[in-house]
Structures are given as C-alpha cells and as structure tokens.
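First comes one chain, alone, set out as structure tokens in the form predicted alone.
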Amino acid sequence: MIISRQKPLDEIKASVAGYHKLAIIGCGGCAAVCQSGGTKQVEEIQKTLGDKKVVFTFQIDEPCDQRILARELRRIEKRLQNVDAVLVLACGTGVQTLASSIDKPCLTGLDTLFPGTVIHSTSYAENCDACGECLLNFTAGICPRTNCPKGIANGPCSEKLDEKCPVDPESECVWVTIDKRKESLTLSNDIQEFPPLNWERRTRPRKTEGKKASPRE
C-alpha cells in the first residue's frame, strides 16, 4: 500500500492560485485508506477553497491503473472541458497517470511517503524499499534493508548496543529481531552473505514488460 498525507492547506492553495475553475479528483484506493484522498477529504478540500469555483468532484478507485482510469475518464470527459485545472488527491503515481491522460494541468494535494503497512487508522509503518532484490526468504520475512536505519543487509553493525539499534536506541536491532523469529520458527540460522545491490536494476524509471493479451478469435 502507498502511504500518503495531505499537503499543508497553504501549499495546496498556492498551487491552485492561478486557476479559477477546478475539478477535485480523489483516490478510492490507498489514499482513501490513509484518509488523505477519500471522499471525505475531497469534500473538506472543496469547502476550504471557497474562492474557487469547483465545477465537480469525482472519485476514482485506482487512478494509478490506466485501465480503470480510462473507463472513469469517459464518464467525466465533457465536464473536464469546463475546468482550468484538476486538483488530485492521490499518490504521485496516480497524479502522473492522470496527467498523462488529460490535457489539463494536474496538481497534487498529497505528499507520497512510502509503501508500507497499515497498523491502524492514521498509523502506518514502512517495511519495503522496493529494491527489486528481495531477501525475505532468507531473513524470516523481515526486510533488513528497510528496517535497519543504515540499510545493512549482512548482519548487525559494529555499533549495536546489546540488542538495541545505535541509531534508534528505543528500537531492537532488526538483526536481533530476525534471529529471534528464525529461532521461534525453527528456521535455519546459517549466515547468508548478500552481494551489494545491483543498482542497474534500480535505474529510473523502472518498468516491467508483461505478456500481451492474445487477441480473441
């Protein structure tokens, strides 16, 4: 899940200052769960932009999915012709996907933080760096690259304080956590040495080439 939070209101107002007629589009997926871009947040933003004419508001389940987006844009195609710009309450991927699909300025009302876990309402934790070289099969399902502040993937650093992290002494060293989980699950605790990240795999922007669907006969 992509974790996001709403930008400060002053920043949002500054971004739309040069436009009069707006559409506000929210995300019914991750941003809705984060309470940063759901229907309620769209309504709240609309109320705060009292000096602007909000022509319409709309919710798209997953604006980052081009298939869903194309379908939903057909529903609002005519209304989009009547706006100067679109304020999007979605992650950066959703905003860019929408911006590439319409000939209107698309402005973001959110800051995209990280892929993470929902702990409970408004509480989230980062646990994946999307490195493309997953170690979870060898580290008891716990990512050391993300959970270690230093990103160390080959055991604890020399500064480890007993079982605590030297960067965050309130937290347990992730390698201690990994060892405890391996022990509790009776997993092999053989030392595994991982090579440095292959940065060629992280050349931006990343993409995958999926199989094309076969044409129906």
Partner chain sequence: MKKLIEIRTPQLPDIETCMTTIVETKDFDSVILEEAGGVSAIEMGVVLGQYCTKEIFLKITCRDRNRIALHSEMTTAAVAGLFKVVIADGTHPAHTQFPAAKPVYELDALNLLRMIKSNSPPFGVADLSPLNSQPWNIGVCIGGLTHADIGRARKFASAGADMFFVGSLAALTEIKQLTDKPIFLSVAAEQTQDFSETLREAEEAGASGINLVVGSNKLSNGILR
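Numbering follows the first chain given and starts at 1. Keep in mind the model is a prediction, meaning the values are calculated, not measured.
The next section is about a form of this same protein that is not shown, the form predicted in complex with its partner chain.
- With respect to its partner chain in the model of the complex, the three residues S158, E163 and L197 uniformly fall within 4.5 angstroms at the level of their nearest heavy atom.
- Though its partner chain is absent from this view, in the model of the complex it lies within 4.5 Å of a heavy atom of just one residue from R181, K40, K53, K150, which is K150.
- Contact annotation: of the candidates Q46, Q35, Q66, Q192, the single residue with a non-hydrogen atom within 4.5 angstroms of its partner chain in the model of the complex is Q192.
- The closest non-hydrogen atom of S171 lies beyond 4.5 Å of its partner chain in the model of the complex.
- Interface residue remark: V167 is counted as part of the site for its partner chain in the model of the complex, having a heavy atom within 4.5 Å.
- Not displayed here, its partner chain is kept clear of F58 by more than 4.5 Å at the level of heavy atoms in the model of the complex.
- Proximity of L187 to its partner chain in the model of the complex: non-hydrogen atoms within 4.5 Å are absent; the residue sits far from the partner.
- Contact with its partner chain in the model of the complex, defined as any heavy atom within 4.5 Å, is confined among 142-150, 95-103, 122-130, 80-88 to 142-150.
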